[in-house]
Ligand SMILES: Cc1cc2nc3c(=O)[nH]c(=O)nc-3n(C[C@H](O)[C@H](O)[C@H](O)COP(=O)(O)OP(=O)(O)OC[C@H]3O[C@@H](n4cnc5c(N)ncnc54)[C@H](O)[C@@H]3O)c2cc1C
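Single chain ahead, by itself, as structure tokens, in the form predicted on its own.
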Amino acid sequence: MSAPAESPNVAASPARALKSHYDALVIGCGMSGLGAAIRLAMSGRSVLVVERHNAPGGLNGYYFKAGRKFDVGLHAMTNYAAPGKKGPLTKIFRQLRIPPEAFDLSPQLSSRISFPGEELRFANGIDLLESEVARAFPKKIDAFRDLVRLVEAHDALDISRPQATPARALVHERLGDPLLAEMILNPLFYYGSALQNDIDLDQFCILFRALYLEGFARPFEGVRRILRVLLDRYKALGGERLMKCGVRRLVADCGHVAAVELDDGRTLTAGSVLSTIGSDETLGLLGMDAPGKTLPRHGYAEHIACMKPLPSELGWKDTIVFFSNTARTDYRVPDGLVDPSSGVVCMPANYDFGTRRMEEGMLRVTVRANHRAWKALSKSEYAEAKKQVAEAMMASALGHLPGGAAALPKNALLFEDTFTPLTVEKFTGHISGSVYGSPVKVRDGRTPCDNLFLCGTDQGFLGIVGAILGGISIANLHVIGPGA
């Protein structure tokens, strides 16, 4: 995603013909919106997806720059299920009637958690991580296995339960070793926690399954492949899509959405409205106070470095590296623009693509960022700050790769780009440019209006698989009904 000053034109498109009424209207053409829209269209309903921007995907979109295509959110597609195995991904294929091979998923090679003085490797399935814990923390392997059993027994998808217990202290208590606990927690923080310096127990269990029990995969083409499959499926079912024109206001009458006002001034009606833009953002469309709007929210900055060699040619063979320069991750909104002391390094070329090979290498370095601090900068200060934080982010990340900065040849970098919470805010409309939404989740998707439902991030479902599944589950539960 490029900087705000370089963003593509997202002005409203010329008015196109629309029906005055739809059985269902979905706000947002991201993963959860498409998952919901496909299920609704499969049930025979007339469906319209409305998206303010000119490209689909939302938090999992892509952009073009310098003749290259870049994924925005996709480091990895979690919850990987090999052909024939059950899991959330298999459920998506079944619910949407999409053949598994359509996503063209290739599994990761292996990933790594890198802390001062210790590292843990993991791959798809728990075996490698379990052996690594036994090697590095032999006295705690039984405690680790007990934690795995706790995760497997916990029904993290029980939407009838309110907010669950914060998990950080519980994990420390269960494992009995501060370093091991922090190493297990770190990737789960970065791949889904909306809390400051903690993680909800349900989110912990969902992410533990997604990362450690199941694992990572990626289409060779990146997120574009997944979006194309979903859009083609939706179109084949007769679903309609309106791009570059969002929702300006939801008109409520006696606890019921009576009308939907679009950015271009047109007004539609819909039997059901499903919003994927966030709980507080949706309440804003109703003209209501957003109780979670003032709570601290995690923002991220990402630096993308395209290289002449592939990472594996430099001895960097991990798919993803989760790193921390300290023994305890300070997972909160940083005081400065970014906190490069911990974060994530993704190397998209390091998946098992078989005989296929990427033309260039790439490092994607992601760290926590302070939206308010970025917002306070002038345009010239913003451009200079991006350069400075990019250097700090790269330096910190390279310290956790074999050979460090010395392994990267001079003049190896072909192109670099950096995006910030302001970019995320511009392209998604999320408050404070947050990626994981409000710390307060609405698990059952209900709102003050009886025909308005939430799905996606603020429902508490995470990642591409979680987002799609969240859209499906809300469509089934509140609109299609039992037996869906």
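Just count from 1 along the sequence shown to find any residue number. On a predicted model such as this, the values are computed, not experimentally measured, just so you know.
Keep in mind that the form predicted in complex with the ligand is missing from the display, and what follows is about it.
- Think of it this way: in the predicted complex, the ligand has a heavy atom of just one of 311, 73, 239, 334 within 4.5 Å, and the residue is 73.
- The closest heavy atom approach of residue 285 to the ligand in the predicted complex falls within 4.5 Å.
- Although the partner is absent from this view, residue 246 contacts the ligand in the predicted complex, with a non-hydrogen atom inside 4.5 angstroms.
- Residue 47 falls outside the set of residues with a heavy atom inside 4.5 Å of the ligand in the predicted complex.
- In the predicted complex, the ligand sits within 4.5 Å of a heavy atom of residue 53.
- By the 4.5 Å heavy atom rule, the three marked residues 28, 57 and 435 all count as contacting the ligand in the predicted complex.
- Checking 277-285, 389-397, 324-332, 120-128 against the ligand in the predicted complex, the stretch whose residues place heavy atoms within 4.5 Å of it is 277-285.
- Counting a residue when any of its non-hydrogen atoms is within 4.5 Å of the ligand in the predicted complex, the hits in 408-433 run 419, 427, 428, 430.
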